[in-house]
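In the form predicted alone, a lone chain appears below as structure tokens.
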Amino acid sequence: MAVTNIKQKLTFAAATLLASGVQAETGEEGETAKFYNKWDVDVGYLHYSEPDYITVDTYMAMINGDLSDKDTIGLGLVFDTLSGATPTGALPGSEIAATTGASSGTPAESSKGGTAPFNDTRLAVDATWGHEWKRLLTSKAGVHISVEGDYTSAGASFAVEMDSKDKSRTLTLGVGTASDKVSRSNEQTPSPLTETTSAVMFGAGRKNSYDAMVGITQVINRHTVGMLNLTYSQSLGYHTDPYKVISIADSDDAELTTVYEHRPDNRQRYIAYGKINHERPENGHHISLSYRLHLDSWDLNSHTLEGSYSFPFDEIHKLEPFVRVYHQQAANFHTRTINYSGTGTFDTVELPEYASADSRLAQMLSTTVGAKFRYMTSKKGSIDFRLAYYYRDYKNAILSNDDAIFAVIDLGKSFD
């Protein structure tokens, strides 16, 4: 399925735990016991739209609270609906791109012109537990599960945070793992680099991921905080998108046939992420700048720059314009088409070991611009509005460019 990364948000069902935020007293041997009741609740809605392609509606909620003076918990859910059309990887004029949309049951004959219709839903659950072992030592454990029509992911993480004596520096060490099941909506995956009209089908593919992270957060001065994280990630198993195909075509884009893509079964990634937040003492405005370097064994290396500037609006509200610029080079197996001489049959075509025409693996430059407005409904309540425009420019890919608009509304409330 084309949309796999709109994840890790949380939903309304967790709001039922609000009852835990009510103070209570029990009398036992004349003593009073108090339930710790500091809770933060967020519910939100996201709308994401790529004209002529994908539309996503996300409903989410999150609740964080204190279970005791040493324990915190975070719970939540997210529910997504996804629909529209997604590029198959075939040339725009392809008439034999035999792919079906996730959970759509769309027959292969309707997948024309290099796109295929799809629709799907996703439900995700996330839970974290934090514990203070000593005054300067805390841990956080988490689990998550995400289920959709053709993709299931379950995982866990554990991190330890150690503060310096003056709490000006925090060292973080973390590990995580996830297990994914990938298939079409019928629990099948096609044999890679075989013709879409006659491919042999196998069962669902499986992938395991492992992550390790070390990070440091440093208070530089009264108005400035910096952070640096280093992450190593490895994933083993089925990485191929079972819906994506590639056109076999000559230099004039005359198509011979289409085949299913094939990606390597091993991927390693190295990520360095730095961020600095600064408050301007003369007016209380805040500046945030970050940079992310991503190095990849697939050569899908990328650079990400982000910046935002927030300032009070009408004294108690806040406006925060932001911009994000992202550039990636193409994966070493990305190709717009598999070339052939223009004569002969499929049996005479020399196929590579790995190949994908997925535009998400192409060389790309993207820019996001937008703004967030926070309206304070009370001292401990707010409504956040976020609106942004996203533009991507591809090189040597099936798509030359595309764009998207997304809007988010989030309601937050703290209970003491």
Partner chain sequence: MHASRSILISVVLLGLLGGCSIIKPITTTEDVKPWQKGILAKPEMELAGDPIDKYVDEHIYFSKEGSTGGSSVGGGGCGCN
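Given the structure is predicted, the values throughout are model-derived calculations rather than measurements. Residue numbers count along the first chain shown, from 1.
We do not show the form predicted together with the partner chain, though everything after this point is about it.
- Within 4.5 Å of the partner chain in the model of the complex, do R122, S146 and V175 each have at least one heavy atom? Yes, each of R122, S146 and V175 comes within 4.5 Å of the partner chain in the model of the complex.
- Item | Among the candidates E279, D265, D163, E132, the residue which, in the model of the complex, approaches the partner chain to within 4.5 Å (heavy atoms) | The residue in contact is E279.
- Message: Going by heavy atom distances of 4.5 angstroms or less, which of S157, T189, T115, T257 would be at the interface with the partner chain in the model of the complex?
- Response: Contact with the partner chain in the model of the complex is made by S157 alone.
- Any chance N221 has a heavy atom within 4.5 Å of the partner chain in the model of the complex? Yes, N221 lies within 4.5 Å of the partner chain in the model of the complex.
- Query: Is there any non-hydrogen atom of A357 lying within 4.5 Å of the partner chain in the model of the complex?
  - Reply: No, A357 sits far enough from the partner chain in the model of the complex that none of its heavy atoms falls within 4.5 Å.
- Distance check, I398 to the partner chain in the model of the complex, heavy atom within 4.5 Å: I398: no, not in contact with the partner chain in the model of the complex.
- Item | Contact label in the model of the complex: V78 to the partner chain, heavy atom within 4.5 Å | The answer is yes: V78 has a heavy atom within 4.5 Å of the partner chain.
- Item | Options 337-345, 249-257, 193-201, 323-331; stretch whose heavy atom lies within 4.5 Å of the partner chain in the model of the complex | Contact-bearing stretch, as computed: 323-331.
- Message: Within 4.5 Å of the partner chain in the model of the complex, counting any non-hydrogen atom, which residues from 150-173 show up?
- Response: If the 4.5 Å heavy-atom criterion is applied to the partner chain in the model of the complex, 150-173 yields Y151, S153, S157, D166, K167, S168.
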